[in-house]
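Presented as structure tokens, the chain that follows is alone, the form predicted alone.
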């Protein structure tokens, strides 16, 4: 499938371009106390090693804001300050040198406070994400007799447009937008509408998505639906888990749509009564090993003669594993037959040869 992406106005967060002709950017957010600069930096380096390209940090109070200069100075990634309620924390973040701001229009409603932040961001050429969450929408105006409230997705779009107009009135267009909800259909409807109504880059995500398993599925469904329609310029997979878990899921979503390639694509048996080896742990070990290397490579881990040889031939490297013996394939050719105890080491060895040849 050839996805035709929506053309958005590009914006730069530090040295990373979002929108325009740039590839879709992967983000995450630290879950450390931002006031603890060392812990936050350690987590940021961990995320960078996995392929994270932008990091967001919470700035809930002045202690967090005070740690930002050190974090920004030593971070391997551009830093976005996440601001709610107190516009003064946005001002302090800008003085600290952050590369981007996230403002929630549901939590800072005074136009003059928003304008003060915009003036400071414009002076420093720092972009702003208008970040709407369904759980913190502005209050509804009084409804007339028999009048029904608008759907949540419409309220989300209206909240985003309110703040976008404030920014545009000040001749500020270094804008990104997000309209996130927990409910996937609500999120998709909001993004479709905001994509139609504005030219700005869109940050995709599902808010409060849940734990590693259920949250990954919810994120994948919502984000992939939009990406397949060409909507979206940067993504964050929000999970109630270690932030390091978010990055592989994000790249898996992008890889599944042929939008970006990083790390391995694992072709593996769904398993059935035909297999004669303990395939599941082998597949997990293979994925873990090649994930650390970060290079695009397709690896097949197959456990029977029905699909094994054919699928393994489609991969850069693969194994068709049988009881006691298995065949290692490279580019459709059997390169050797190995004993069962050597399945993992032999597959890893051949895979590293492929990577060395492709990425020397």
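Numbering follows the first chain given and starts at 1. Everything numeric in this text was worked out from a predicted model, so none of it was measured.
FYI, the form predicted in complex with another copy of the chain isn't displayed, but the following is about it.
Peer 1: Heavy atoms, 4.5 Å, another copy of the chain in the predicted complex: which of 164-172, 69-77, 177-185, 114-122 makes the cut? Say which one.
Peer 2: So the stretch in question is 177-185.
Peer 1: Check whether residue 143 has any heavy atom within 4.5 Å of a heavy atom of another copy of the chain in the predicted complex, and answer yes or no.
Peer 2: Taking the distances in the predicted complex, the answer for residue 143 is no, it never comes within 4.5 Å of another copy of the chain.
Peer 1: Residue-level contact is defined here as any heavy atom of the residue lying within 4.5 Å of another copy of the chain in the predicted complex; does residue 84 satisfy this criterion?
Peer 2: Close contact exists here: in the predicted complex, residue 84 approaches another copy of the chain to within 4.5 Å, heavy atoms only.
Peer 1: With the partner left out here, check for me: in the predicted complex, does some heavy atom of residue 58 sit within 4.5 Å of another copy of the chain?
Peer 2: Yes.
Peer 1: Any chance residue 274 has a heavy atom within 4.5 Å of another copy of the chain in the predicted complex?
Peer 2: Because a heavy atom of residue 274 falls inside 4.5 Å of another copy of the chain in the predicted complex, the answer is yes.
Peer 1: Heavy atom within 4.5 Å of another copy of the chain in the predicted complex: which of 108, 195, 225, 91?
Peer 2: Flagged contact: 225.
Peer 1: With the partner left out here, if you bring back another copy of the chain in the predicted complex, are 17, 26 and 42 all within 4.5 Å of it by some heavy atom?
Peer 2: Result no, not one residue of the spot touches another copy of the chain.
Peer 1: Could you list the residues in 324-346 that come within 4.5 Å of another copy of the chain in the predicted complex, counting only heavy atoms and keeping sequence order?
Peer 2: Residues within 4.5 Å: none.
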